[in-house]
Structure formats: C-alpha cells, structure tokens
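Consider the single chain below, provided in structure tokens and representing the form predicted on its own.
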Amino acid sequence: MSLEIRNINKSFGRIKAVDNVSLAIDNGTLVCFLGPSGCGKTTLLRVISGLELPDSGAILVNSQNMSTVPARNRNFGMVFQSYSLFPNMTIAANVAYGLECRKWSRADISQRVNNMLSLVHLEDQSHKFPHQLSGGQQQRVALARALAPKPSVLLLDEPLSALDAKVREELREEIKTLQRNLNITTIMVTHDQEEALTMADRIMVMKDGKVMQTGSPMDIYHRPENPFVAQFIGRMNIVPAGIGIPFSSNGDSKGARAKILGIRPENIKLSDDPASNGELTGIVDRISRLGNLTRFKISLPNKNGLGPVTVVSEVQGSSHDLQVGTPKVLKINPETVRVLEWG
C-alpha cells in the first residue's frame, strides 16, 4: 500500500500550519515527521487521518484520492499520545471495539483480540481495566486496538512522549519490530530526534509548516542541507567559512561561495602534532567527562575579523590526560564538513 501526500496546505486563520507539503511513502515504510512544537507535524497527520480537511492538495492511497473520504472510512489505525482508551471497558473490550463497529462476527473478534494482545505481550491482562495497567501497558493496548481491524496505514501521534525514558526505549524497539513484521505503512509524529533516528526508515524534518529536508536517518544526520536541520538532528558546530576550517566542495560551484559550515563534534579530532596544511590550533576551554565520552569546548583564534569562535569535540571514552588551557591541533577530514549556507 503506497501513500502520497501531494501539495497539502492547511491554515487556521492567519496561521499557515502546513505549507505545500508533498511526500511519497512506499509500502511497508516507517516515516517520522520530526520537528519542534508548532511546526505543523500533528496537523499534517490529522489531515492524513481525515480528522482535518486540507485547504488544498490531496492524500492518495494506491493512487486513489482520499481527501474527502471520512476518517471512519479510510481504514487507518490511529494511536494517540494520551492512549484514549475507554476507562469503563476491559482491555479485551477496548481492542474489540473497532471490530464490533465493523460488524465482525463474535468468533472472529475473539480470535483477533487474542492474537493482538499476544502480539503486544498482554494476553494475561485482557480482563483488567486501563487504570490497572502501567503507562507502557496502556500504550501497548492502544497499539493493539489500532492494529486489530487490519488497517492499511498506521498513524502514531507522539505515542511515547508520555512515558519514562526506560519504557520509551523498550517500546521503540517493540513498535519497530511489529511494524517490520506486519509490513504496515506507518507514519509517526515526534519531536524526539533520537526516536526518529532509531525507528524511522525515512525522516521528514519540518519547521513552520514547511519541509526542511527529507531522507534516511543517516543521510539527514551526515548531510544536513541547512543550519536548522544540522542543529535539530544531533549536535553540530556551526562556524563561519572564513575561520579556516577545511572543507570539500566536491566540484559544487556553491562551495566557492560558502558562508556557514557545519561539523559534527565526533569529526573533530584533537592532536599534539604540529599544525600543517592550514590546520587550526585551539585552546581547551572546558572538559565534560560523561562516562562513555568526553566533550571538549575549544576556542579558536580570531581570524579575518570574525571574532572569537568556539567548537565542541567529542571523543569516545574517558580522557584524563587533557587539562583546561592546553593547546591542541584540530584534525578535520574536509569530507565530513558540510556547507550549510552560501553567500
């Protein structure tokens, strides 16, 4: 089942929540809409689900326009951040609800409920009520309920944000495994970059209703196209090109007009070797030992009137031999430096 978002626009008064967004999603793909609060990602998900009507554009499923089809007729499964379970129904009854609305037989409903609860490891909790379960268990029930009617598309609206860190990490793996095993096309809204990087096949980064970049998690991490994406996905040093950081334009004419560069902290190595070939020497200003890695804040010399510039370097493990005030040569592979803005 393929899904296409084509030139979707949605405004609320003078606020343009979704601004001409397009995306084609292949069958069985998990796509994350990633961005800060208010960027339009949840509004776009609601348009896809049918809970909001777009001002213009189309939602196509297998090339069929679904834009005016009511939400109840789209056969999309929806999981909300707040779970939205019926508090007066047992877990089994919650999972069965959508099947009863679709007039499934009692025997088929019973078998499907048992299968779904087994899928989310809650088969022994079917007689309980939602308030008797933990937050993570309630979210598993919501997931089972959404999957029970065999939806063609699964929509997840920040499903893990209300959970504590450990449970959130466990459910990430469970949801991704379920999605892969069922081969169901899935769209998940999140503001958590780690969640998107670990779960998504593709990520669409949004800001102010617009698409900033779309690509695989590692493509977006290693090759951000603008300063917003660079800083929103992981840590990124943003420096003026004139400071002397080496970079490769790879034959791109824009490289000659580079204005702002981006370098990931792990791509800045610190060395005691003498500086050569235009390498920069900086002074260690601050050291943060974080157990599995050590983070250094490095001050670079004022160059070309650009004023003081600082960069962050990260190395794996604990480094005890460096002290604040130590001069270090920065070893940077030009291929790891991104041109983020042109003059």
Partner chain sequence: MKSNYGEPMNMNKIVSSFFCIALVLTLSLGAWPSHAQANEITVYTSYEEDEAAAFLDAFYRDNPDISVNLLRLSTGDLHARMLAESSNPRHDVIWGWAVTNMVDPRIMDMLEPYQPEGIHKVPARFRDAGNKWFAKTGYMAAFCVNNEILKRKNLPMPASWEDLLRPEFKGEVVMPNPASSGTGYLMIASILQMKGEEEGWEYLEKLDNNIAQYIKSGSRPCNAASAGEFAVGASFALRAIKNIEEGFPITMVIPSEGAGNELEATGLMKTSRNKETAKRFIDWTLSEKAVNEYYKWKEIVTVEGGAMPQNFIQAGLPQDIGSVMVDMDFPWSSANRDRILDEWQTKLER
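Positions refer to the first chain, counted from 1. A quick note: this is a predicted structure, and the numbers were derived from the prediction, not measured.
The following text describes the form predicted together with the partner chain, which does not appear among the structures shown.
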query	finding
Contact segment among 268-276, 166-174, 239-247, 103-111, judged by heavy atoms lying within 4.5 Å of the partner chain in the model of the complex	103-111
Contact of H131 with the partner chain in the model of the complex (heavy atom, 4.5 Å)	no
Exercise: M89 in contact with the partner chain in the model of the complex, heavy atom 4.5 Å	yes
4.5 Å heavy atom contact, R257 to the partner chain in the model of the complex	no
R180 within 4.5 Å of the partner chain in the model of the complex, heavy atoms	no
One residue of S126, S161, T198, S152 in contact with the partner chain, assessed in the model of the complex (non-hydrogen atom, 4.5 angstroms)	S126
One residue of I263, A96, M204, V229 in contact with the partner chain, assessed in the model of the complex (non-hydrogen atom, 4.5 angstroms)	A96
